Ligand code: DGT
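To begin, one chain is listed below as structure tokens, in the form predicted alone.
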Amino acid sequence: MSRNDEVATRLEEFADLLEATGVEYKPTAYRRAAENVRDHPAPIEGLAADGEDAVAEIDRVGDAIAAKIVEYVETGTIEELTELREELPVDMAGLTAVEGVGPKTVGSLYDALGISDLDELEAAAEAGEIQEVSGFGAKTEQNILDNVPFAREARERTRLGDARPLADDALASLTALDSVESVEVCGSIRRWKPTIGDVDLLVASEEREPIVEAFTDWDAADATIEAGTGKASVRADGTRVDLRVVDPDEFGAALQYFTGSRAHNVAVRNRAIDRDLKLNEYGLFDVSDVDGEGVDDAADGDAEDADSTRAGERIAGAEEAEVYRALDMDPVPPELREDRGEVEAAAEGRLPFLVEPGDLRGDLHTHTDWSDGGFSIAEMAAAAAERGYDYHVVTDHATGPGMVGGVGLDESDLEEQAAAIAEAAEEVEIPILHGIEANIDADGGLSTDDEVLAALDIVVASPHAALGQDGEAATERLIRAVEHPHVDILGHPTGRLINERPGLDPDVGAVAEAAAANGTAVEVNANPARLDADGEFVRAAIEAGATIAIDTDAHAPRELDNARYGIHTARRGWAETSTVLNARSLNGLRSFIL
């Protein structure tokens, strides 16, 4: 696993601290450098080994920043960053997790009140001290107070997009061990929930101590929390990673047990009890001749005493699928295991044929350097072709509410871009469609004229501003947008940013019905910071008969790989391949949007 993300995060911290201490211009330079380091295809540690000049070849990485990157890769620290931390000793990540609190606000409140963390921020707001600081007022203070609980909760959960690459690296490390027969993630990360608590790993092996030792020596592990004969926990990049080693003939049952959810497990265990069977992490047992020992308490979801768990004849356990089949159920995909009707559907043979990785034939929402992307039209389209897509859609931002820094395109810009797309299409092997991401204003209107929209291949309409509306206003706003005759896709419907802002809270059922009635697709934005629409919204859309679009909102080639997060989010909403717009051929796509 390269260190690009790690280095980019340090540069972003550098930018925040510079901004908080009143430095101008430099923060923007550091953030742009961080973005390009994160997106750079080559491992930053390899470039750093070749010296500052090699690092400076990355776009927007100047000599000064390159020197700091080399310093960090070689020593693990940046002296100037350490000095900034000492000058402003605050929990920057925690404080800026409060919506409306940016680095400048953090700096101002530290200077005026000595606020350094969330607890102190909340206490100051409750005491009415913030509104007394120059530049602040009662409304700002109340907004801070209202948003502290969300920020505190966000600090307790890790975004799936941050945890999954770490889990993948751990899986690769464990898979390489000769003594490992099977290994898989479990828990909420296997169910692809938007956020997770810890990363849970399950290994099947006849040997335990060597695996635990190798795990605690894992390159990504910063510290060992605990280690036993068959269990261990480490801290990696701020996330707790737990390992459990089990016997191979128990692996399937353990995987089912530790994947959860708790509610799903209770429902499945109750089904076992009804059949005089007992299901736990060690297997599925026939206890019809065991005087009912342990059967009555098997549905509580808690691990039982090891001496009584293996009573009876084990009839399944090595393979997870065989556990479900022994209970007269089809195997339930992990994404569906939330006790929302999947147990009954599995028993009746009604589970959906979920969309699969590899089903997508194009990406309908991407950006280029014409707006806020970092790469050209041809580079983005070539990256799509490399991933086996049949077509590619460019949807740069339009001007309008929520757009800052002049990144939006107006009518004349779009005319010029149409010519540039035609030129780029000659350089790549797949068709490039010309679209736009229009902005939905607070009332549901679009910021781009109808005549301009009508000339484009695809229109994605998304909310970028007024994201604090109440539920009724948000519902009316989104319904009006999906009813617009030129809108093909409702983009990231709530505008949420996971662990940063909650976004809109519309009546998803009403919006879904309107989308279905007007032939407008509902987007599952696969950006790991969004995953919007979420599984609940997708389920409502599917039940209403609406179509889903799984898009990455990519601003760089590597972000096209985020499609997997959108696919699994759609699966959480019971989306089948037939319901996904960009799983269709180009002709099928054109039939929908015409």
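Since the structure is predicted, the reported quantities are computational estimates derived from the model, not experimental observations. We number the residues from 1 along the sequence you see.
The same protein also exists as the form predicted in complex with this ligand; that form is not shown, yet it is the one meant from here on.
### Task
Sort through 251-259, 504-512, 479-487, 145-153 and report the only stretch with a non-hydrogen atom within 4.5 Å of this ligand in the model of the complex.
Only one stretch qualifies here: 251-259.
#### Entry: this ligand contact at Arg191 in the model of the complex, heavy atom, 4.5 Å
Yes.
#### Entry: in the model of the complex, Lys104 touching this ligand (heavy atom, 4.5 Å)
No.
### Query
Are any of the heavy atoms in Gly187 no more than 4.5 Å from a heavy atom of this ligand in the model of the complex?
Gly187: yes, in contact with this ligand in the model of the complex.
### Query
At the 4.5 Å heavy atom threshold, is Asp198 in contact with this ligand in the model of the complex?
Looking in the model of the complex, residue contacts with this ligand include Asp198, since a heavy atom lies within 4.5 Å.
### Query
this ligand isn't shown here, but in the model of the complex which of Arg275, Arg340, Lys231, Arg157 has a heavy atom within 4.5 Å of it?
Looking at Arg275, Arg340, Lys231, Arg157 one by one, just Arg157 meets the 4.5 Å heavy-atom criterion.
### Message
If the cut-off is 4.5 angstroms on heavy atoms, which of these, Thr494, Asn265, Ser205, Asn439, is the one near this ligand in the model of the complex?
### Response
Checking each option against this ligand in the model of the complex, the one that comes within 4.5 Å is Asn265.
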